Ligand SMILES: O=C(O)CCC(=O)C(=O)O
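Coming up is one lone chain in structure tokens, specifically the form predicted on its own.
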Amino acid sequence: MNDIAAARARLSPDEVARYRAEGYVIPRWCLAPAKLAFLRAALDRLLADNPTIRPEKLISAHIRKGPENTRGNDAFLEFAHDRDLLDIVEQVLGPDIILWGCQVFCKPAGDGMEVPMHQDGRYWPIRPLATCTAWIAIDDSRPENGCMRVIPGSHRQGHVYEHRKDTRPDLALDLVLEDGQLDPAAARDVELEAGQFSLHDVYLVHGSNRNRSTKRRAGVAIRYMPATSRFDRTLLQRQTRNEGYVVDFTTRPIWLVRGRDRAGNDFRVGKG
């Protein structure tokens, strides 16, 4: 892994093609050990600063004090500006890139929560709907500790499938893909070593099983959108669940991290 991390951060033509065809890819390139150590230290601080929040629900980890209860830290914001990571995201998203989200999914050993099968686009106020998520493994992510699972090709029609509400307390999200629309047997495990990452499309159906193993599974999902789309804070209002899961897009700050804004986005909100 060290030699790969030292090389230039690029997707091969085959990797780009795989992302287009299947909706996700695990790049050959991975994080250098120093960057992985940086993220691990950031995660340790985040967990210590948020003892009352389930570690699967650390929304806006890159914002020090946002509207969503998480007390974030600047290390995640710094990492989201990483040149190598942006070089790779640019290959699938284009040259004009906005950072709009960062969530930590940390499943504790023994009682890590399930993430039901869903599409990210069902939740987000972006029009036209477009996002590439970089999911960086801080720990090894395997089937036994609840790695991400995807249905390859489920993004191809650019269609948001029907979802239903499910408020079971052991779920990390409350919208679940309705049965009968896709074959669950087609799901594939996305296994990552610590320091590896995957990219996935906003329309890709994915989720993850519970973690009942003796090993933690932690990763950070960094959300990028093309600056040809608009982050429209009027589309979705504040969503709150009984167990304290809060999403508030009305004051969510966003950052232009590369290129130019081409859709009239407001980069002042939430930064005052």
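Residue numbers here begin at 1 and follow the sequence given. Just so it is clear, the structure is predicted and the values come from calculations on it, not from any experiment.
The same protein also exists as the form predicted in complex with the ligand; that form is not shown, yet it is the one meant from here on.
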Legend entry - Close approach of residue 155 to the ligand in the model of the complex, 4.5 Å, heavy atom: no
Legend entry - the ligand contact in the model of the complex: residue 135, any heavy atom under 4.5 Å: yes
Legend entry - Touches the ligand in the model of the complex: residue 217 (any heavy atom, 4.5 Å): yes
Legend entry - residue 70, heavy atom within 4.5 angstroms of the ligand in the model of the complex: no
Legend entry - Among the candidates 35, 54, 210, 223, the residue which, in the model of the complex, approaches the ligand to within 4.5 Å (heavy atoms): 223
Legend entry - in the model of the complex, the residue from 148, 192, 98, 199 that sits within 4.5 Å of the ligand by heavy atoms: 148
Inset, instruction - Within 4.5 Å of the ligand in the model of the complex, counting heavy atoms only, one of 71-79, 100-108, 85-93, 174-182 shows up; tell me which. - result: 100-108
Legend entry - in the model of the complex, residues of 108-141 near the ligand [heavy atom within 4.5 Å]: 115, 118, 120, 133, 135
